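Same protein, same chain, two forms; see structure 1 and structure 2 below, as structure tokens.
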Structure 1
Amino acid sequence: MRAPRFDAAIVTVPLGVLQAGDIRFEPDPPNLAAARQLVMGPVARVTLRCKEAFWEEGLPAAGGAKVAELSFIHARDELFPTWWTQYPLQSRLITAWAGGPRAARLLALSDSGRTGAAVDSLARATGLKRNEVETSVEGVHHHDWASDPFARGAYCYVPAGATGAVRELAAPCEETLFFAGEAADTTGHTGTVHGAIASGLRAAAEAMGSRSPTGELRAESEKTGTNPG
């Protein structure tokens, strides 16, 4: 059976998937060299399901005050420096987040090692005793985007010296190949949902703009003087 053929493609896989070469291009478009200049960052995330929302009952670190409306805890010195609850939903979940070098360290641990690090961080950040936090935890969920073959990292960033790489990645190739996704956003919002959506709209407009409604390349129909409609 012959492989299906198309006039154009919009590629929206994550940067890490592009960099790993999971998709084969023949020949390689110049966009791939640009993709290699960008970085897919790691994130470690652990969600603790607790027996009760103990943070609502008052935390030593908050002088014992009840913090029923707690949304975020920022504990800059901790391995897990960022925590959030499900507020305004009433829930017994509290989530630990770490990015960058801390995430790399945490992702090198076993699941139980990472859970232990989360309990340590939360105990210090709240001022509770470690065993008070530990005995409150009845379930743990780990998220590791780096080991997911369809993500290969959490979200992308532009390293120093590579500010032009995003535009190079996003540049149409031969009016047939278009790149979208969080790494190919040219509106200044790389690594975000809204940046990814903007890049998809941009790539779709470019793909449509270079094509007639019948799918022929517009440049081709203009060259031959045919009416694309």
Structure 2
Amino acid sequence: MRAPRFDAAIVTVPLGVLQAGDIRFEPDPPNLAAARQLVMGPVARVTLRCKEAFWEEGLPAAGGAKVAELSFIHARDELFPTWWTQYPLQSRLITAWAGGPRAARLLALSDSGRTGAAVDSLARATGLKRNEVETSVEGVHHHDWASDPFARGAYCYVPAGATGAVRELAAPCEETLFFAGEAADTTGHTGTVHGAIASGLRAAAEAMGSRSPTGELRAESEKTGTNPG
């Protein structure tokens, strides 16, 4: 059976997969050199399912006030410095998040060790006793994108000296390969979901503009300011 052939392709795999060489290009496009200049960052994320949304019943750290509209908790000194609920949805889920060096420390722990660190952090951030938080937890889900072979990291960031790498990664290659994904967003939203979506729309428009007659007409009209009708 012959392999299918195409005139163009949009490459949307995560930066970590591109850097790992899990996809083979012959020959390598220059975009890969740009991809190697960027860095895939780690994130440790743990979601706790609680027996009840205890934060709605009043927290010592909030002076005992009920915080039914709680969205985020920021606790800078904790291993898990950021927490969020599902508000405005009423839910018993609360999610812990840590990036950078803290994430590296947390990802080196076992799942139970990470859960314990999350309970510790949440207890201190809310002013509750540790056993009060621990006994409320009835389910845990861990997110470890770094060990996922289809992600190999959580988000992209631009290190010093590589400010042009994002545009180089996003540049069309011979009107054949078009790169998209959060690492290829050129609107300033690298590392975000909305940046990834925007880059996909941009790559799709470029691919269509380079291949279809109507796309070519649209692309030319954008340059001249005319309306193709």
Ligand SMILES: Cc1cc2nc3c(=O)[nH]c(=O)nc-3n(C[C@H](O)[C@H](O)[C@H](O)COP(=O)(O)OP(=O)(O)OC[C@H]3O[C@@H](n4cnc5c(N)ncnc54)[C@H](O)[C@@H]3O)c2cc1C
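Owing to the predicted nature of the structure, the values given are computational and were not obtained by experimental measurement. Only the largest set of C-alpha atoms that superpose within 1.5 Å between the two forms is called the rigid core. By convention here, residues take numbers in order along the sequence of structure 1, the first being 1.
Which number goes with the form predicted alone?
-> Of the two forms shown, it is structure 2 that corresponds to the form predicted alone, while structure 1 does not.
After a core superposition, would you say Ala162 shifts its C-alpha by at least 2 Å between structure 1 and structure 2?
-> No, the C-alpha position differs by under 2 Å between structure 1 and structure 2.
Spell out whether the Cα of Glu57 moves at least 2 Å between structure 1 and structure 2 when the two forms are superposed on their rigid core.
-> Stays below the 2 Å threshold, so no.
Is Pro42 among the residues whose Cα moves by 2 Å or more between structure 1 and structure 2 after superposition of the rigid core?
-> No, Pro42 moves less than 2 Å.
Asp7: how far does its C-alpha move between structure 1 and structure 2, core aligned, in angstrom?
-> For Asp7, the C-alpha ends up 2.5 Å from its position in the other form.
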